[in-house]
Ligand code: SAH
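Heads up, the chain below is alone and in the form predicted alone; it's given as C-alpha coordinates.
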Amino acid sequence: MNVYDSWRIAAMLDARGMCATKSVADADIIILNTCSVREKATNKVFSELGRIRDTKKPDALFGIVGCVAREAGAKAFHRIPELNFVLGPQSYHRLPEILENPDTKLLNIDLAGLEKFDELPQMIKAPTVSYIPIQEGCNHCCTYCIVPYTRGREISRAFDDVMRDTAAAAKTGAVEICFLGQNVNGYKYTDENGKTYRLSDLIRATAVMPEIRRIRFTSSYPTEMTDDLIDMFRTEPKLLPFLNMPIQSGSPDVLKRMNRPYSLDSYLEIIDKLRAARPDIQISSDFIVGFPGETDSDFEKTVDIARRVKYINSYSFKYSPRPHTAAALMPNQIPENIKRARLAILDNELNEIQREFNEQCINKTMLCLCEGPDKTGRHLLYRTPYMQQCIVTKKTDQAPETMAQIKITAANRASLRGEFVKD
(Lines give C-alpha, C1' and ligand atoms only; values in the text may rest on other atoms or scores of the structure.)
Protein backbone atom coordinates (compact mmCIF):
# COMPACT_ATOMS: atom_id res chain seq x y z
CA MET A 1 0.00 0.00 0.00
CA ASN A 2 2.83 2.41 0.82
CA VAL A 3 4.51 1.68 -2.52
CA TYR A 4 1.26 2.46 -4.32
CA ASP A 5 0.75 5.68 -2.34
CA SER A 6 4.29 6.80 -3.15
CA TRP A 7 3.78 6.12 -6.86
CA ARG A 8 0.58 8.18 -6.88
CA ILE A 9 2.21 11.06 -5.00
CA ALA A 10 5.06 11.07 -7.53
CA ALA A 11 2.60 10.95 -10.45
CA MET A 12 0.66 13.85 -8.94
CA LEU A 13 3.84 15.98 -8.69
CA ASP A 14 4.95 14.92 -12.19
CA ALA A 15 1.61 16.19 -13.52
CA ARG A 16 2.42 19.58 -12.00
CA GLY A 17 5.70 19.82 -13.92
CA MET A 18 8.02 18.58 -11.18
CA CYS A 19 10.64 15.84 -11.51
CA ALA A 20 12.37 13.57 -9.03
CA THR A 21 15.86 14.16 -7.66
CA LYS A 22 17.96 11.78 -5.59
CA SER A 23 19.56 14.59 -3.60
CA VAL A 24 17.76 16.09 -0.60
CA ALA A 25 19.95 19.17 -0.97
CA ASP A 26 18.60 19.80 -4.49
CA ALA A 27 14.92 19.16 -3.74
CA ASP A 28 12.20 21.81 -3.64
CA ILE A 29 9.81 19.48 -1.83
CA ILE A 30 10.68 16.46 0.31
CA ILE A 31 7.97 13.99 1.32
CA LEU A 32 8.35 11.09 3.72
CA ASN A 33 5.65 8.47 3.20
CA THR A 34 5.49 6.65 6.49
CA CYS A 35 4.41 3.45 8.24
CA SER A 36 3.62 3.18 11.94
CA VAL A 37 3.03 -0.56 12.32
CA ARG A 38 6.12 -0.80 14.55
CA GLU A 39 7.57 1.69 17.02
CA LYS A 40 11.00 1.47 15.37
CA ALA A 41 9.55 2.74 12.09
CA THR A 42 8.00 5.77 13.79
CA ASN A 43 11.26 6.61 15.57
CA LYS A 44 13.18 6.39 12.29
CA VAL A 45 10.79 8.87 10.67
CA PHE A 46 11.56 11.64 13.16
CA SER A 47 15.29 10.92 13.06
CA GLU A 48 15.18 11.26 9.28
CA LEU A 49 13.13 14.45 9.50
CA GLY A 50 15.84 15.95 11.70
CA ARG A 51 18.51 15.08 9.12
CA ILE A 52 16.41 16.53 6.31
CA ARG A 53 15.90 19.76 8.24
CA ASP A 54 19.65 20.18 8.52
CA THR A 55 20.36 19.28 4.87
CA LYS A 56 17.59 20.80 2.74
CA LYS A 57 17.57 24.16 1.01
CA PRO A 58 16.21 26.92 3.30
CA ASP A 59 13.10 27.44 1.17
CA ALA A 60 12.43 23.76 0.43
CA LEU A 61 9.11 22.40 1.65
CA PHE A 62 9.09 19.18 3.63
CA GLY A 63 6.71 17.06 5.61
CA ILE A 64 5.24 13.64 6.25
CA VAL A 65 2.32 11.73 4.86
CA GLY A 66 0.91 8.33 5.77
CA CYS A 67 0.33 6.51 9.02
CA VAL A 68 2.93 8.26 11.21
CA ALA A 69 1.35 11.57 10.20
CA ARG A 70 -2.03 10.26 11.32
CA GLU A 71 -0.55 8.89 14.57
CA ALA A 72 1.47 12.01 15.46
CA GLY A 73 -0.94 14.68 14.20
CA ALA A 74 -0.19 18.21 15.39
CA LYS A 75 2.48 16.84 17.74
CA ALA A 76 4.70 16.39 14.69
CA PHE A 77 4.92 20.19 14.35
CA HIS A 78 5.99 20.42 18.00
CA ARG A 79 8.76 17.86 17.47
CA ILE A 80 9.92 19.35 14.16
CA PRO A 81 8.68 22.99 14.02
CA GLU A 82 10.09 23.49 10.53
CA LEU A 83 7.66 20.96 9.01
CA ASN A 84 5.35 22.39 6.35
CA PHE A 85 2.73 19.64 6.17
CA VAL A 86 1.42 16.59 8.01
CA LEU A 87 -1.07 14.57 5.96
CA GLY A 88 -2.68 11.27 6.89
CA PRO A 89 -2.86 8.27 4.52
CA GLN A 90 -6.21 9.36 3.09
CA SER A 91 -5.30 13.04 2.73
CA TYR A 92 -2.15 13.17 0.61
CA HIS A 93 -4.14 14.24 -2.46
CA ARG A 94 -4.19 17.66 -0.76
CA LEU A 95 -0.45 18.16 -1.32
CA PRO A 96 -1.07 20.70 -4.13
CA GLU A 97 -2.48 23.04 -1.48
CA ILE A 98 0.94 23.36 0.13
CA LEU A 99 2.53 24.03 -3.26
CA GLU A 100 0.03 26.82 -3.91
CA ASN A 101 0.39 28.27 -0.39
CA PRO A 102 3.98 27.54 0.68
CA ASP A 103 3.88 29.98 3.58
CA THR A 104 1.15 28.07 5.42
CA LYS A 105 1.27 24.88 7.44
CA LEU A 106 -1.08 22.13 6.36
CA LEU A 107 -2.44 19.55 8.79
CA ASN A 108 -5.03 17.02 7.68
CA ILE A 109 -5.29 13.60 9.30
CA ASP A 110 -8.99 13.00 8.72
CA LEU A 111 -10.14 9.51 7.80
CA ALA A 112 -12.21 10.86 4.94
CA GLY A 113 -12.85 7.61 3.07
CA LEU A 114 -11.96 7.02 -0.56
CA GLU A 115 -11.91 10.60 -1.84
CA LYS A 116 -8.22 10.46 -2.67
CA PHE A 117 -8.85 7.93 -5.45
CA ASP A 118 -11.25 10.36 -7.12
CA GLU A 119 -8.92 13.34 -6.72
CA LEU A 120 -5.70 11.78 -8.00
CA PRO A 121 -4.81 11.98 -11.70
CA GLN A 122 -4.65 8.72 -13.65
CA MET A 123 -1.11 7.38 -13.97
CA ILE A 124 0.23 7.94 -17.50
CA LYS A 125 2.22 4.69 -17.58
CA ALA A 126 1.91 1.74 -15.25
CA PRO A 127 4.91 -0.19 -13.92
CA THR A 128 5.21 -3.81 -15.03
CA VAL A 129 3.81 -4.81 -11.63
CA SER A 130 0.88 -2.55 -10.88
CA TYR A 131 -0.60 -2.27 -7.39
CA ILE A 132 -4.35 -1.67 -7.31
CA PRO A 133 -5.92 -0.84 -3.92
CA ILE A 134 -9.40 -2.30 -3.60
CA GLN A 135 -10.16 -1.45 0.02
CA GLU A 136 -8.70 0.45 2.95
CA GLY A 137 -8.92 0.11 6.70
CA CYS A 138 -9.80 -2.90 8.80
CA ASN A 139 -12.67 -3.94 11.06
CA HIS A 140 -10.93 -6.82 12.81
CA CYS A 141 -9.31 -4.69 15.52
CA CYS A 142 -6.47 -7.02 16.48
CA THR A 143 -5.30 -5.86 19.90
CA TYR A 144 -1.73 -5.16 18.71
CA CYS A 145 -2.60 -3.31 15.50
CA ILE A 146 -2.72 0.44 14.94
CA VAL A 147 -4.22 0.19 11.42
CA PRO A 148 -7.86 0.82 12.46
CA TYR A 149 -6.66 4.08 14.01
CA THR A 150 -4.35 5.21 11.20
CA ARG A 151 -6.30 3.87 8.20
CA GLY A 152 -9.81 3.79 9.63
CA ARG A 153 -12.65 1.32 9.42
CA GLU A 154 -12.92 -1.00 6.45
CA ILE A 155 -14.29 0.43 3.22
CA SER A 156 -14.29 -1.14 -0.26
CA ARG A 157 -13.89 0.73 -3.52
CA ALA A 158 -16.56 0.49 -6.21
CA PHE A 159 -16.07 -2.49 -8.51
CA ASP A 160 -16.15 -0.30 -11.64
CA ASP A 161 -13.55 2.08 -10.19
CA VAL A 162 -11.16 -0.78 -9.46
CA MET A 163 -11.64 -2.26 -12.92
CA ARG A 164 -11.10 1.15 -14.53
CA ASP A 165 -7.71 1.43 -12.79
CA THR A 166 -6.86 -2.17 -13.66
CA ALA A 167 -7.73 -1.71 -17.33
CA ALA A 168 -5.68 1.50 -17.48
CA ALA A 169 -2.70 -0.31 -15.95
CA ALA A 170 -3.05 -3.16 -18.45
CA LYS A 171 -3.15 -0.76 -21.41
CA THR A 172 -0.07 1.19 -20.25
CA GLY A 173 2.44 -1.54 -19.46
CA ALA A 174 1.32 -3.69 -16.52
CA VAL A 175 1.88 -7.42 -16.83
CA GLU A 176 1.10 -8.31 -13.23
CA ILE A 177 -1.73 -6.96 -11.09
CA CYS A 178 -1.49 -7.06 -7.30
CA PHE A 179 -4.72 -6.21 -5.51
CA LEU A 180 -4.11 -4.43 -2.21
CA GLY A 181 -5.91 -3.95 1.05
CA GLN A 182 -5.31 -4.11 4.77
CA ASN A 183 -7.94 -6.87 4.64
CA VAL A 184 -7.88 -7.52 0.93
CA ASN A 185 -9.98 -10.69 0.82
CA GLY A 186 -12.65 -8.93 2.86
CA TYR A 187 -13.44 -6.84 -0.23
CA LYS A 188 -17.21 -6.53 -0.63
CA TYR A 189 -19.00 -3.95 -2.73
CA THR A 190 -22.72 -3.78 -3.50
CA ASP A 191 -23.71 -1.60 -6.46
CA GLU A 192 -26.87 0.44 -6.93
CA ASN A 193 -28.63 -2.55 -8.49
CA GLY A 194 -27.98 -4.73 -5.44
CA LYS A 195 -25.26 -6.85 -7.06
CA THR A 196 -22.46 -7.73 -4.63
CA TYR A 197 -18.87 -8.15 -5.79
CA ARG A 198 -16.08 -9.99 -4.00
CA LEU A 199 -12.36 -10.32 -4.63
CA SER A 200 -13.02 -13.41 -6.74
CA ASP A 201 -15.06 -11.24 -9.13
CA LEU A 202 -12.17 -8.79 -9.50
CA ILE A 203 -9.77 -11.63 -10.27
CA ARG A 204 -12.14 -13.15 -12.82
CA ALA A 205 -12.68 -9.82 -14.61
CA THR A 206 -8.95 -9.06 -14.65
CA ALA A 207 -7.94 -12.49 -15.96
CA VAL A 208 -9.68 -11.90 -19.30
CA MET A 209 -7.37 -8.97 -20.08
CA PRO A 210 -4.78 -10.34 -22.53
CA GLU A 211 -2.05 -7.97 -21.34
CA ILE A 212 -2.21 -9.32 -17.77
CA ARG A 213 -0.17 -12.48 -17.24
CA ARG A 214 -0.08 -12.71 -13.45
CA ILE A 215 -2.49 -11.83 -10.63
CA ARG A 216 -1.96 -11.86 -6.87
CA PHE A 217 -3.29 -10.12 -3.76
CA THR A 218 -2.15 -9.13 -0.28
CA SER A 219 -2.69 -9.16 2.64
CA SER A 220 -5.35 -11.75 3.40
CA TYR A 221 -7.16 -12.56 6.62
CA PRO A 222 -7.88 -16.24 7.43
CA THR A 223 -11.59 -15.93 8.20
CA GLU A 224 -12.17 -14.05 4.92
CA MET A 225 -10.72 -16.88 2.79
CA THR A 226 -14.10 -17.87 1.37
CA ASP A 227 -14.77 -20.90 -0.81
CA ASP A 228 -15.35 -18.79 -3.94
CA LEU A 229 -11.90 -17.27 -3.52
CA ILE A 230 -10.25 -20.62 -2.80
CA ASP A 231 -11.87 -21.98 -5.96
CA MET A 232 -10.15 -19.26 -8.01
CA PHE A 233 -6.85 -21.02 -7.32
CA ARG A 234 -8.37 -24.11 -8.95
CA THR A 235 -9.85 -22.43 -12.01
CA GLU A 236 -7.71 -19.40 -12.84
CA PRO A 237 -4.14 -20.13 -14.03
CA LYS A 238 -3.16 -16.44 -14.02
CA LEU A 239 -3.64 -16.33 -10.24
CA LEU A 240 -0.18 -17.08 -8.83
CA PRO A 241 0.20 -20.25 -6.72
CA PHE A 242 1.38 -18.17 -3.78
CA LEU A 243 -0.56 -16.68 -0.87
CA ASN A 244 0.34 -14.63 2.18
CA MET A 245 -2.09 -15.61 4.96
CA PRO A 246 -0.80 -14.41 8.34
CA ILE A 247 -1.35 -16.62 11.38
CA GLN A 248 0.66 -14.39 13.81
CA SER A 249 0.95 -17.09 16.52
CA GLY A 250 0.58 -20.83 16.87
CA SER A 251 -0.85 -20.56 20.39
CA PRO A 252 -4.65 -20.55 20.84
CA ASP A 253 -4.26 -18.51 24.03
CA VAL A 254 -2.16 -15.87 22.33
CA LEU A 255 -4.51 -15.73 19.34
CA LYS A 256 -7.39 -15.09 21.71
CA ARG A 257 -5.55 -12.21 23.40
CA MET A 258 -4.67 -10.87 19.95
CA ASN A 259 -8.39 -10.94 19.04
CA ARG A 260 -7.69 -13.23 16.09
CA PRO A 261 -11.03 -15.12 15.90
CA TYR A 262 -9.93 -18.39 14.31
CA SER A 263 -8.73 -21.67 15.73
CA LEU A 264 -5.63 -23.51 14.60
CA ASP A 265 -7.86 -26.27 13.23
CA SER A 266 -9.89 -23.83 11.11
CA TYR A 267 -6.69 -22.17 9.85
CA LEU A 268 -5.18 -25.53 8.88
CA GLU A 269 -8.46 -26.53 7.22
CA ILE A 270 -8.16 -23.49 4.95
CA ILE A 271 -4.60 -24.52 4.09
CA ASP A 272 -5.85 -28.00 3.19
CA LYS A 273 -8.59 -26.56 0.96
CA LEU A 274 -6.08 -24.31 -0.82
CA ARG A 275 -3.70 -27.21 -1.45
CA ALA A 276 -6.56 -29.37 -2.71
CA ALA A 277 -7.57 -26.60 -5.11
CA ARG A 278 -4.00 -25.88 -6.26
CA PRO A 279 -1.55 -28.66 -5.33
CA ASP A 280 1.50 -26.50 -6.17
CA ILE A 281 0.41 -23.55 -3.99
CA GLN A 282 2.84 -22.25 -1.38
CA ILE A 283 2.00 -20.17 1.69
CA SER A 284 3.76 -17.35 3.51
CA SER A 285 2.83 -15.82 6.84
CA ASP A 286 3.45 -13.08 9.38
CA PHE A 287 4.50 -13.83 12.96
CA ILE A 288 4.67 -11.78 16.15
CA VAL A 289 6.83 -13.14 18.98
CA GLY A 290 6.84 -11.90 22.54
CA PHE A 291 3.19 -10.85 22.63
CA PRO A 292 2.13 -9.92 26.19
CA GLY A 293 1.75 -13.05 28.29
CA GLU A 294 3.42 -15.35 25.74
CA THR A 295 4.93 -18.33 27.59
CA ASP A 296 7.69 -20.66 26.44
CA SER A 297 4.96 -23.18 25.62
CA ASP A 298 3.06 -20.60 23.55
CA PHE A 299 6.21 -19.82 21.62
CA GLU A 300 6.95 -23.50 20.95
CA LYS A 301 3.49 -23.80 19.41
CA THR A 302 4.37 -21.00 17.02
CA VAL A 303 7.56 -22.78 15.97
CA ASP A 304 5.55 -25.98 15.56
CA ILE A 305 2.96 -24.41 13.26
CA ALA A 306 5.78 -23.02 11.10
CA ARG A 307 7.17 -26.54 10.74
CA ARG A 308 3.77 -28.07 9.99
CA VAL A 309 2.69 -25.60 7.32
CA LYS A 310 6.22 -25.05 5.91
CA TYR A 311 5.86 -21.37 5.05
CA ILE A 312 8.24 -20.60 2.21
CA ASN A 313 8.65 -16.89 2.93
CA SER A 314 7.50 -15.14 6.07
CA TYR A 315 7.84 -11.93 8.03
CA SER A 316 8.52 -12.24 11.74
CA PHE A 317 8.76 -9.43 14.27
CA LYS A 318 9.15 -8.78 17.97
CA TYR A 319 5.95 -7.47 19.49
CA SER A 320 6.02 -3.66 19.52
CA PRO A 321 3.54 -1.76 21.73
CA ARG A 322 1.65 0.81 19.69
CA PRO A 323 -0.48 3.72 20.92
CA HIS A 324 -4.27 3.37 20.71
CA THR A 325 -4.03 -0.43 20.97
CA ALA A 326 -5.33 -2.69 23.74
CA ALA A 327 -2.21 -4.86 23.85
CA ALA A 328 -0.04 -1.92 24.88
CA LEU A 329 -1.95 -1.83 28.19
CA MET A 330 -1.93 -5.58 28.83
CA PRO A 331 -0.04 -7.02 31.84
CA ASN A 332 2.89 -9.41 31.51
CA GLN A 333 4.79 -7.50 28.85
CA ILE A 334 7.70 -9.66 27.68
CA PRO A 335 11.25 -8.38 28.36
CA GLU A 336 13.20 -7.30 25.30
CA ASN A 337 15.94 -9.92 25.74
CA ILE A 338 13.39 -12.75 25.70
CA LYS A 339 11.67 -11.35 22.62
CA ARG A 340 15.03 -11.06 20.88
CA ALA A 341 15.99 -14.66 21.71
CA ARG A 342 12.64 -16.07 20.58
CA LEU A 343 12.77 -14.12 17.33
CA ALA A 344 16.21 -15.54 16.56
CA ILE A 345 14.95 -19.10 17.11
CA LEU A 346 11.89 -18.58 14.90
CA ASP A 347 13.89 -16.83 12.20
CA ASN A 348 16.36 -19.71 12.07
CA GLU A 349 13.49 -22.15 11.62
CA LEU A 350 11.78 -20.07 8.93
CA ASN A 351 15.07 -19.50 7.10
CA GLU A 352 15.77 -23.23 7.01
CA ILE A 353 12.30 -23.95 5.59
CA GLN A 354 12.81 -21.26 2.96
CA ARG A 355 16.25 -22.63 2.04
CA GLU A 356 14.85 -26.16 1.67
CA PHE A 357 12.07 -24.99 -0.63
CA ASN A 358 14.47 -22.93 -2.74
CA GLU A 359 16.76 -25.95 -3.16
CA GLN A 360 13.77 -28.06 -4.22
CA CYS A 361 13.32 -25.67 -7.13
CA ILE A 362 16.72 -26.55 -8.65
CA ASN A 363 16.35 -28.03 -12.18
CA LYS A 364 12.75 -26.80 -12.43
CA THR A 365 11.74 -24.41 -15.20
CA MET A 366 9.44 -21.52 -14.30
CA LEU A 367 7.83 -18.67 -16.20
CA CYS A 368 9.27 -15.60 -14.42
CA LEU A 369 8.70 -11.85 -14.53
CA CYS A 370 11.61 -9.46 -15.11
CA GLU A 371 12.21 -6.72 -12.54
CA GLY A 372 15.20 -5.19 -14.32
CA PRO A 373 18.99 -5.26 -13.95
CA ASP A 374 20.88 -5.75 -10.71
CA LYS A 375 23.27 -3.13 -9.35
CA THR A 376 26.18 -4.45 -11.40
CA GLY A 377 24.29 -4.34 -14.68
CA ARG A 378 25.61 -7.82 -15.55
CA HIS A 379 22.55 -9.70 -14.35
CA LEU A 380 18.78 -9.49 -14.57
CA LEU A 381 16.43 -9.96 -11.65
CA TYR A 382 13.32 -12.06 -12.19
CA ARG A 383 10.47 -13.11 -9.88
CA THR A 384 9.21 -16.66 -9.92
CA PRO A 385 5.50 -17.49 -9.46
CA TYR A 386 6.37 -17.94 -5.76
CA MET A 387 7.85 -14.43 -5.55
CA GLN A 388 11.41 -15.72 -5.17
CA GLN A 389 14.11 -13.52 -6.62
CA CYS A 390 16.02 -15.26 -9.41
CA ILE A 391 19.31 -13.87 -10.73
CA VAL A 392 20.07 -14.52 -14.42
CA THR A 393 23.12 -13.54 -16.46
CA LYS A 394 22.20 -11.18 -19.30
CA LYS A 395 22.32 -12.75 -22.76
CA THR A 396 22.86 -9.67 -24.95
CA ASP A 397 22.57 -5.92 -24.91
CA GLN A 398 18.98 -6.25 -26.13
CA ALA A 399 16.09 -5.36 -23.85
CA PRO A 400 15.19 -8.32 -21.63
CA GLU A 401 11.99 -10.25 -22.11
CA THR A 402 9.32 -9.19 -19.66
CA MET A 403 8.33 -12.82 -19.14
CA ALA A 404 10.80 -15.64 -19.66
CA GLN A 405 11.12 -19.36 -19.07
CA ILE A 406 14.01 -19.79 -16.66
CA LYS A 407 15.63 -23.00 -15.46
CA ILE A 408 16.74 -22.83 -11.83
CA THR A 409 20.40 -23.85 -11.51
CA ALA A 410 21.29 -22.96 -7.90
CA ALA A 411 19.67 -21.75 -4.70
CA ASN A 412 20.34 -20.38 -1.26
CA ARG A 413 18.00 -19.07 1.40
CA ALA A 414 17.61 -15.60 -0.06
CA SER A 415 17.51 -16.14 -3.82
CA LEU A 416 17.80 -18.42 -6.81
CA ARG A 417 20.17 -18.55 -9.77
CA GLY A 418 18.86 -19.42 -13.19
CA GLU A 419 19.47 -19.51 -16.91
CA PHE A 420 17.25 -18.76 -19.86
CA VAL A 421 15.75 -21.83 -21.50
CA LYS A 422 17.08 -22.06 -25.05
CA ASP A 423 14.53 -21.63 -27.81
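Residue positions are given as counts along the sequence shown, with the first one as 1. Please read all numbers here as calculations on a predicted model, not as lab measurements.
The same protein has a further form, the form predicted in complex with the ligand, not shown here; the description that follows concerns it.
**Student:** Contact between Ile362 and the ligand in the model of the complex at 4.5 Å, heavy atoms?
**Tutor:** Result no; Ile362 lies far from the ligand in the model of the complex.
**Student:** Report whether the minimum heavy atom distance between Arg38 and the ligand in the model of the complex is within 4.5 Å.
**Tutor:** Result yes; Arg38 sits at the interface with the ligand in the model of the complex.
**Student:** With the partner left out of view, is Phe159 within 4.5 angstroms of the ligand in the model of the complex by any non-hydrogen atom?
**Tutor:** So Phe159 does not count as contacting the ligand.
**Student:** So in the model of the complex, is the ligand close enough to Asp286 to count as touching (4.5 Å, heavy atoms)?
**Tutor:** Looking in the model of the complex, residue contacts with the ligand include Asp286, since a heavy atom lies within 4.5 Å.
**Student:** Note which of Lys318, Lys116, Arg204, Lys238 lies within 4.5 Å of the ligand in the model of the complex, where distance is taken over heavy atoms; exactly one does.
**Tutor:** It is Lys318 that has a heavy atom within 4.5 Å of the partner.
**Student:** Out of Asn108, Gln282, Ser219, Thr128, which one falls within 4.5 Å of the ligand in the model of the complex, going by heavy atoms?
**Tutor:** Selected residue: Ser219.
**Student:** Name the stretch: of 310-318, 264-272, 341-349, 196-204, exactly one has residues whose heavy atoms fall within 4.5 Å of the ligand in the model of the complex.
**Tutor:** Of the stretches listed, the one contacting the partner is 310-318.
**Student:** Can you name the residues of 48-75 that have a non-hydrogen atom within 4.5 angstroms of the ligand in the model of the complex?
**Tutor:** Heavy-atom contacts within 4.5 Å come from no residue here.
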